[in-house]
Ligand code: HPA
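The chain below stands alone and is given in structure tokens; this is the form predicted on its own.
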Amino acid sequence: MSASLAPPHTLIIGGTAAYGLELAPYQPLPAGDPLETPYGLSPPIHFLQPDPARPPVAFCSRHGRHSLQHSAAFLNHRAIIWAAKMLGVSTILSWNGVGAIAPGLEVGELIVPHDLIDFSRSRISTFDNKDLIAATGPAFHPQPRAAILAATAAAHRQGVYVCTEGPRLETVSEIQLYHRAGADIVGMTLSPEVFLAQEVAIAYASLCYITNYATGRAGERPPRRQFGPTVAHTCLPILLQAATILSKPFVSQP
């Protein structure tokens, strides 16, 4: 990042189809590079400035630059979140492709999850740094959640996300178990990102795009899978608007 460039307030982590995005409409600054962290290289970090009156927004594609290079089970979450810390951002916004578990949810709908159940098994969920405080409190921070909701009227305001290990899809019985546990949607990427962000005091919130019905949940509906560029082109403008909302001075209410 250029010394003359204002530091970003927010990092947007792009999920499904982010690797296929053409960033030109979002006024990218000079091409981004990976950051060297104690946990390995981050994905390339780009800086977008669609509003020249506002600070730039940092952006990275979680799964790779030009293609799905890394599936969820093999992501270096610690490098991504530590890179956010190095950038000095106060907020991370992400989009995540999910499967619908709860009845009535349809492919193409958006959800801003309010809680998370972690069924991942082999991921490193801490920086293991004695100078950091272990994750605690709500999985998703209320202020960036509110900003995402303010940026779109089309999203479901509540939802519980269950994170599974992958890369395989879940079985019918596993999805039934998650539903009984209270999960509305299922994905593979939000853990341990949310917990690592808490360790470094970065507020985190997610916009989830329903890309498919979870295993056994389509019912009488024809199977549908939406993993194409529509996902990224829907989610990135919403998160950029949310970042703009967050960059405005906060005025406490009387």
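Numbers for residues come from their place in the sequence shown, where the first is 1. Worth saying up front: this structure is predicted, and the values here are computed from it rather than measured.
The form predicted in complex with the named molecule exists for this protein as well; it is not shown, and the discussion that follows is about that form.
Worksheet item: So in the predicted bound form, does R221 come within 4.5 Å of the named molecule, heavy atom to heavy atom?
Response: No, R221 sits far enough from the named molecule in the predicted bound form that none of its heavy atoms falls within 4.5 Å.
Item to complete: May I ask you to state whether T164 is within 4.5 Å of the named molecule in the predicted bound form, using heavy atom distances?
Response: Although the named molecule is absent here, T164 would touch it in the predicted bound form, with heavy atoms inside 4.5 Å.
Fill in: Any non-hydrogen atom of E170 within 4.5 angstroms of the named molecule in the predicted bound form
Answer yes; at least one heavy atom of E170 falls within 4.5 Å of the named molecule in the predicted bound form.
Item to complete: Indicate whether the named molecule has at least one heavy atom within 4.5 Å of a heavy atom of V186 in the predicted bound form.
Response: Because a heavy atom of V186 falls inside 4.5 Å of the named molecule in the predicted bound form, the answer is yes.
Practice prompt. Could you tell me which stretch in 73-81, 97-105, 111-119, 148-156 has residues with non-hydrogen atoms within 4.5 Å of the named molecule in the predicted bound form?
Written response: Among the listed stretches, the partner-contacting one is 97-105.
Practice prompt. Work out which of N212, T37, Q49, Q198 lies within 4.5 Å of the named molecule in the predicted bound form, going by heavy atoms.
Written response: The residue in contact is N212.
Item to complete: Between 217-243 and the named molecule in the predicted bound form, list the residues on our side with a heavy atom within 4.5 Å.
Response: The one in contact is R225.
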